[in-house]
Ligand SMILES: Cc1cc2nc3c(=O)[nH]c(=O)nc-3n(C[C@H](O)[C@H](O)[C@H](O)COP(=O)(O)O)c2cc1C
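The chain below stands alone, shown as structure tokens; this is the form predicted alone.
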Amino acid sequence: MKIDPSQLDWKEAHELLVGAVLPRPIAFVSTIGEDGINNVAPFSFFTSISVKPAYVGFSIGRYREGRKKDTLVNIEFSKDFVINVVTEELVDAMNQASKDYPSNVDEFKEIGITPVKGDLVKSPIVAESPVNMECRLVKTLEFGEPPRINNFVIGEVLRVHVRDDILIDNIIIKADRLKAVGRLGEELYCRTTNMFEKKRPSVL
């Protein structure tokens, strides 16, 4: 079958793409609002962009009526955010955080995770995550037509917090120790416990 995404409605196009681009890492993004209330939400349209400078990016969709989500509103206010890696131990909290809570609800308290003050950003760190990236907003790109707009948020990684027990040589994060979780299509997730190695071919 050959499918033209431009001929699909939003839901159909969404299902097609999330079923084809996988597994996707999950950015558990923590922010703080102008009112001082902490927010945390998962986003699986997430990737690293550049090494030097260290840039990462993730996409935030709007609500059906076009209203901005709290994460985007908070980032536009504070100009920063924290990306926390989702592990097997954090799956339930991450899933609970995907619920649409009112903006006056502290989602850290609601889902039972611990906020820790960042070193360089206003946004809180998720203490239970073994890897946290403190990011400063670089720019936001906008795609789509109202009300179905997506904003791609690009941030510069200012500091990375890594739990000692998942590191070797003080810099390499071991995937088998991290136990990160990936997002698939539908309501499916995957573990990184079944891995294999392939050496890159030598350059002639």
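What you see is a predicted model; the values in this text were computed from it and never measured. From 1 onward, residues are counted along the sequence shown.
Omitted from view is the form predicted together with the named molecule, to which the following refers.
Proximity to the named molecule in the model of the complex, taken as a non-hydrogen atom within 4.5 angstroms, holds for one residue of L178, I60, V56, I32, which is I60.
For the candidate spot formed by L90, E128 and R163, no residue has a non-hydrogen atom within 4.5 angstroms of the named molecule in the model of the complex.
Residue heavy atoms within 4.5 Å of the named molecule in the model of the complex occur in exactly one stretch of 170-178, 152-160, 137-145, 38-46, and that stretch is 38-46. A residue is said to contact a partner when one of its heavy atoms sits within 4.5 Å of a partner heavy atom; N104 fails this definition for the named molecule in the model of the complex, lying far away. Taking the partner from the other structure, the named molecule in the model of the complex has a heavy atom within 4.5 Å of a heavy atom of S98.
Using a 4.5 angstroms limit between non-hydrogen atoms, M94 touches the named molecule in the model of the complex. In the model of the complex, at least one heavy atom of T71 sits within 4.5 Å of the named molecule. Interface residues of 119-151, taken as those with a heavy atom within 4.5 Å of the named molecule in the model of the complex (partner not displayed), are absent.
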